[in-house]
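The chain below stands alone and is given as structure tokens, in the form predicted alone.
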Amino acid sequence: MPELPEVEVVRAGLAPAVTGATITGVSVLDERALTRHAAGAADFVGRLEGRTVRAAARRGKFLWLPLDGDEAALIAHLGMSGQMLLRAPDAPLERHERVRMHVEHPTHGELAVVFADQRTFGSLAVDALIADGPSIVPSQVRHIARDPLDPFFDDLDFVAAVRRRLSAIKRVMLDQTVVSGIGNIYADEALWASRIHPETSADRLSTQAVRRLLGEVRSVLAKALAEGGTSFDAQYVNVNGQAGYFAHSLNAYGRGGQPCPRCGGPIRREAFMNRSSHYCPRCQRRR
């Protein structure tokens, strides 16, 4: 599933192409892509055509394009396999294409913005923008906590929230009401870098340990961003259809049975919430 770095790579790729562009036409090829837009395809199209995109924004794994006029935005959640692609206006349909928007940019001319989704867990919607402290976000995003790269992220609140939890630290890191955007891959990587066992109870961690973990989260996310995100297959690509290469830099995730890069002991893979945890039992002792 695309996580914060992957969605941020997509946002950064879309921003220069769509900011200031006018949406001249919208084609909904599969209404399953509009599960977050309860009013249906006709309303979705009507609320987009003729509107101008003001920016490209993100919180956690949610991406949205604020629109001119009333306080509304086109919001996207990529789900397991969603892709936002930039194509020539006359480009043939993509495999698994669900929605296509034609836009006209004052500098770049005509472009097509394509939403493709193999597994159909992603969705688009037009949603109202509302205030959330110093930020303006879609209503569907307001319940999501800020992510560690958000300029308004409060480190002290995060440390306190973690140390109040009685759950395992990895579960807390994936709790979107505490912090957003980390996901399974980057949780494993940050915990490995911090030498913290994923099943350590969050309330047993010291303030210093939580601060160290937060620093490693930011470091891992920044490195993943620099390398274009993590791609294990063709489902995650950037707006030009290119894969990220952070998978080559992973120290724990996906390396079950392989030697730990730090101590040489075998990385252990265990079932975790219908997914997997990867950690080094020698470096990340459960205390």
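Start at 1 and count along the sequence shown; that's the residue number. Not measured: the values here are computed from a predicted model.
A second form of this protein, the form predicted in complex with the DNA, is not displayed here; the remarks below concern that form.
Looking at the DNA in the predicted complex, residues R164, Y253 and N274 each place a heavy atom within 4.5 Å of it. Heavy atoms within 4.5 Å of the DNA in the predicted complex are found in one stretch of 190-198, 148-156, 171-179, 125-133, which is 171-179. Heavy atoms of W64 never reach within 4.5 Å of the DNA in the predicted complex, leaving it off the interface. Shown alone here, K223 lies farther than 4.5 Å from the DNA in the predicted complex, counting heavy atoms only. Using a 4.5 angstroms threshold between heavy atoms, M80 counts as touching the DNA in the predicted complex. Residue contact check for R87: none of its heavy atoms lie within 4.5 Å of the DNA in the predicted complex. This chain is displayed alone, yet in the predicted complex one of H102, H105, H96, R211 has a heavy atom within 4.5 Å of the DNA; that residue is H96. Interface residue among R54, R218, R47, R36, judged by heavy atoms within 4.5 Å of the DNA in the predicted complex: R36. In the predicted complex, the residues of 109-124 lying within 4.5 Å of the DNA by at least one heavy atom are, in order, Q118, R119, T120, F121.
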